[in-house]
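Just one chain follows, in the form predicted alone, and it is written as C-alpha cells.
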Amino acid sequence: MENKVRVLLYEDNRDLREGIAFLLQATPGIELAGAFPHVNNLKSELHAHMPDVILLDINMPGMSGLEALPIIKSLYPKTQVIMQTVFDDDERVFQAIRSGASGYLLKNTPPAEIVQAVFDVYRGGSPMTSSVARKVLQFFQQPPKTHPAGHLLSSREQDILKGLMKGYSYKLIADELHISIDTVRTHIRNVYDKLQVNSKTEAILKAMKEGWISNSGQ
C-alpha cells in the first residue's frame, strides 16, 4: 500500500484553516499531521511531524510565510512547500520561488485542485494557479540583456543581493553581515541605481537571468 503524504498546514484564517484541514483529513492518501495559525513554533513542529508537504500561508502574525520558507528548506530540503496567498503580485511570487517553494496557489483555488496540488508536488510537480504560472512564463520568455551590469556591484552589494535572493529580511541580512539595517538599505538603494531597477524583485530577477550572482556558497 502506498504511503500517505504527510501534510502540515499553516493558515491564520480560522475558517479557511479548518476547511482545508477537513478536506485533507477526508482525502485518502493524505495524512494531516497538523494545522496551525502561525509559524512561531516552526522548528519544533517540523521536528515533531516530519512533513512531506507543507501548505504555507504567506501572511501570518509574527513570522511570515516568506520568512519561514528559507528555514524550512534549510532544515528539511526534501520537504515540498506550496505557498498560499490572496495575492499573485510579482514580488511575492518570485521571492517564494527563489526561496525554494515548489508550488504557489491563490486562496480561491477550488478544494479539488488543492488536493491535487498536494499529490502533484509530492510526486515532483510544481502546481501553480494559472495566473501565477503565466507570470513565471512571461519572465523567462523575456530575452536576456547583454550588458555586464553585475560587474558594477561591490562585493558587499553582491553579498546583500545574495541575501535578498535567499528571501532574507533586511534585519537578517544586517545581522549576518554585522552591519546596521540603515546600511543595508543604503547598499540596496545603490544596487537599484546600478542595475537600473526600482524594486527588490526586479534586482533579484535581473541577477537570476543574467547569472551575475552565484547562489552557491555564502
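We call the rigid core whatever largest set of C-alpha positions still superposes within 1.5 Å between the two forms. Each residue number is its position in the shown sequence, starting from 1. Remember, it's a predicted structure, so these values are computed and weren't measured experimentally.
Another form, the form predicted in complex with the DNA, is not on view; read the next lines as being about it.
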| query | finding |
| --- | --- |
| Contact test in the predicted complex: R189 vs the DNA, heavy atoms, 4.5 Å | yes |
| Residue contact check: H49 to the DNA in the predicted complex, 4.5 Å heavy atom | no |
| Heavy atom of S169 within 4.5 Å of the DNA in the predicted complex | yes |
| Interface membership of H38, the DNA in the predicted complex, 4.5 Å heavy atom rule | no |
| Among 175-183, 51-59, 66-74, 25-33, the region lying within 4.5 Å of the DNA in the predicted complex by heavy atom distance | 175-183 |
| Residues within 4.5 Å of the DNA in the predicted complex, restricted to 153-171 and counted by heavy atom | S154, S155, R156, E157, Y168, S169, Y170 |
| Core-aligned C-alpha movement of I160 between the shown form and the other one reaching 2 Å | yes |
| Large Cα move at A203 between the shown form and the other one, threshold 2 Å, rigid core | yes |
